[in-house]
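As structure tokens, one chain now follows by itself in the form predicted alone.
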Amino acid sequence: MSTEARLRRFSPAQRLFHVTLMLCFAIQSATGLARLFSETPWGQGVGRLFGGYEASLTVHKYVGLCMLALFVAHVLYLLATLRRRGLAAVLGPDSIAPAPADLKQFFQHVGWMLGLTNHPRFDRWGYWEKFDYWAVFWGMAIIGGTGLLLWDPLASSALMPGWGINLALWVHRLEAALAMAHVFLIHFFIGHLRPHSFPMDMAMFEGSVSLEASRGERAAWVERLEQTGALPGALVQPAAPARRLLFLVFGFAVMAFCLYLLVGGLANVTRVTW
């Protein structure tokens, strides 16, 4: 087994939540696209994976409920954390809440990419990770809210005119397309396809990151742990090779499937009657 020093980054609960959300998002993307592209052979093929056109809608509805349940559970977790830790949960260095320093680090990061400035001294969370995290909140509110209205259009018609239901459908589609484009392009690239993380960043699966790599990528985080004496307690053993192989196979399978959905959707977008 490797003797590489590893730094704990995610708890088992956080990793389980991410894996569950990842699977739900992939299924929702596939079933939604299967319905949207049902006029094309590609869309019909994706739909057959879930039992056909009508079955895809049923899967889409109930997996959507699971995503909303996960979202509610996470909000309750945040409230419990806030009650237990107080303002430190929001204002402390381990908080994922946006801060003025994030804007400064964004511009410094861009300058570093252009060779104009030094690399920012990131703490536990980078500005892009905070953006990804909080984007889920408005995404779930928009997609989840419109999805509930579309669950039973006849019942919803008692609350709004017909044009409101049509508007909800288009908002649902547009926000879903935006979410898929962000995850399949930006999130995948930042998380897995950058040179220092290629071919896959194992942090969310394994729960830890290389201590040596973190000294360069998240210098402020490592130095803070050293100065407070918390670093020894944050070190963990690397995962066994068999588990790492399992993580790689699973992660690549999900990512390849999502990229297949992206390419297939783009290739057939002109063949759909909008």
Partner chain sequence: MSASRSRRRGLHLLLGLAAVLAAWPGWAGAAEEVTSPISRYREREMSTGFYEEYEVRPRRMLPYVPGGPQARKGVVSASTQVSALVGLGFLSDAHQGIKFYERRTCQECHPEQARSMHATRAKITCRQCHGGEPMASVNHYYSPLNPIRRHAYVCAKCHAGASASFATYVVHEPLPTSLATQKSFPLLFYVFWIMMALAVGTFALFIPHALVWGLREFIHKIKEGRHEH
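Keep in mind that this is a model prediction, so the values were computed, not measured. Numbering follows the first chain given and starts at 1.
Below, we refer to the form predicted in complex with its partner chain, which is not included among the displayed structures.
Here is the short version: of 121, 192, 182, 74, the single residue with a heavy atom within 4.5 Å of its partner chain in the predicted bound form is 182. Though its partner chain is absent from this view, in the predicted bound form it lies within 4.5 Å of a heavy atom of just one residue from 162, 98, 86, 92, which is 162. Note on the interface: of 63 to 71, 204 to 212, 241 to 249, 36 to 44, the segment with non-hydrogen atoms within 4.5 angstroms of its partner chain in the predicted bound form is 36 to 44.
Annotation: in the predicted bound form, residues 166, 178 and 273 each come within 4.5 Å of its partner chain through at least one heavy atom. The closest heavy atom approach of residue 79 to its partner chain in the predicted bound form falls outside 4.5 Å. Using a 4.5 angstroms threshold between heavy atoms, residue 151 stays clear of its partner chain in the predicted bound form.
Looking at residue 125, you'd find every heavy atom of it more than 4.5 angstroms from its partner chain in the predicted bound form.
Residue contact with its partner chain in the predicted bound form: residue 141 places no heavy atom within 4.5 Å of it.
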